[in-house]
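One chain comes next, on its own, written out as structure tokens in the form predicted on its own.
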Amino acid sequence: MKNFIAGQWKESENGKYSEKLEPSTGKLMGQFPSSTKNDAGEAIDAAEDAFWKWSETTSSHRASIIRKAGEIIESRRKELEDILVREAGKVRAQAVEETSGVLDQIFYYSGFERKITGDVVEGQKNRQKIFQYKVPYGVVLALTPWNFPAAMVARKLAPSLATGNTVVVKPSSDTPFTAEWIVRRFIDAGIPKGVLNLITGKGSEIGDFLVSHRKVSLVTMTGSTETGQRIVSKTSANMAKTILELGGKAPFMVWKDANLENAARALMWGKFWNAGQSCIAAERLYVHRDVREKFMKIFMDMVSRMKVGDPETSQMGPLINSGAVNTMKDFVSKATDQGFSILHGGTVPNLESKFSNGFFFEPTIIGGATQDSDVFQEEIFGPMLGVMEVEDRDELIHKANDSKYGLASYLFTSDMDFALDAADRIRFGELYINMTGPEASQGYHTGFRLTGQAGEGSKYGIEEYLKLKNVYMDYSGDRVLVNGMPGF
């Protein structure tokens, strides 16, 4: 693999490479460039140089290239699915699902050609107008995560390019090959030189340089809250706009009148989809005391039947790397030290030799944890769930809102009055009522508190990549009056 800069595949300036291991086997998958600041600067310069021509290209032409890239991906989707299984440790069904999500986003955003609107408003006097229209920011830096490495590249590339911005993609070092594959499909579709650039490397070495570069006008990043806070501090010097989707700690609420079978199935998805490595993953279970025993029996039976291991045949695959496994072990150790009970899991599974060096962890359920514990307050980002009993609506809403994060939330109830009341009172960017996610392309994916800034998806999301510009015009032909300066 190489960087893609100004229409060329290039090695890093220092010629150094980093290794990527397969999560399911621990074996070497390949190498990618360990780029330098000079490499990063060259990619940004290329995007800046290409901006004016690309932004002045018609929206229909830009959309046609994006659609063509989508059509090429669709015709070769099995390749992308295979990469997701190998590089991200996706189970096969979820790799198929993510690839479908990639296509949905690409075709959705390409459909915005000629649909971005503005306004013409009256001026202060007769025959004066103010034209308000939307223009691209310029160079967009897209920092993409490892947990949904294909979907997140698509969700940042498609709206950036559709609105006339140029892009530098910097993928996570855990999933560089997925990003490379998608970039190659845009090249196949005819993306012009410099409009799309790809650079890999450690964020600790080139991250600050990229986000603080004076030619970067917008930074879009999906990742940890700590990284997002650092980006905000670094972009402040140039006042670059930020679109940040950060941490989550989703409450999963089961009320006493819920369809318990449906709720349990939904929780299986909400917690163990992508091995819990999702910002919208259910991390806190609140269940009404009247149905707690019955619900937990149904749910725990499902958990006990979950197969963990081979991504081709299992329901849950590995975590992304050994560090993620160690994080899970630390959470379990702290929970047991605090006297909480391990209702299920809590350790590394014993798998066949092929996967014995993979990064697996059992589905883990924690009972007895308190609201102020790490289990209920800190983002786990793995297959671990804390369980708590509640008694009334106000207690439920209060505990659900008691989080520094505010992305996704889930409620199961047959009482629509309660559902609508919760919709008003739950302080999260998304509330799923009697259903699972993930978020739809036409939905606005955003959050409260430390979950981030701005959002992605829908018409509101595409407008995040546009700046509202004002042009004042007088067409009266009258003598210009210099206000506040008599005599001129």
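Predicted model only: the values in this text are computed from it and were never measured. The first residue of the sequence shown is number 1, and the count goes up from there.
There is another form of the same protein, the form predicted in complex with a small molecule; it is not shown, and what comes next is about it.
Put simply, Glu180 is far from the small molecule in the predicted complex: not one heavy atom of it is within 4.5 Å. Although the partner is absent here, Arg62 is not a contact residue: none of its heavy atoms lies within 4.5 angstroms of the small molecule in the predicted complex.
In the predicted complex, at least one heavy atom of Glu379 sits within 4.5 Å of a heavy atom of the small molecule. Although the partner is absent from this view, Arg155 contacts the small molecule in the predicted complex, with a non-hydrogen atom inside 4.5 angstroms. Checked against the small molecule in the predicted complex, the candidates Pro311, Pro383, Gly247, Gly164 yield a single residue with a heavy atom inside 4.5 Å, and that residue is Gly247. Note on contacts: among Met328, Val303, Val195, Val211, the single residue with a heavy atom within 4.5 Å of the small molecule in the predicted complex is Val211. Picking from 70 to 78, 115 to 123, 222 to 230, 344 to 352 the stretch near the small molecule in the predicted complex, with a 4.5 Å limit on heavy atoms, gives 222 to 230.
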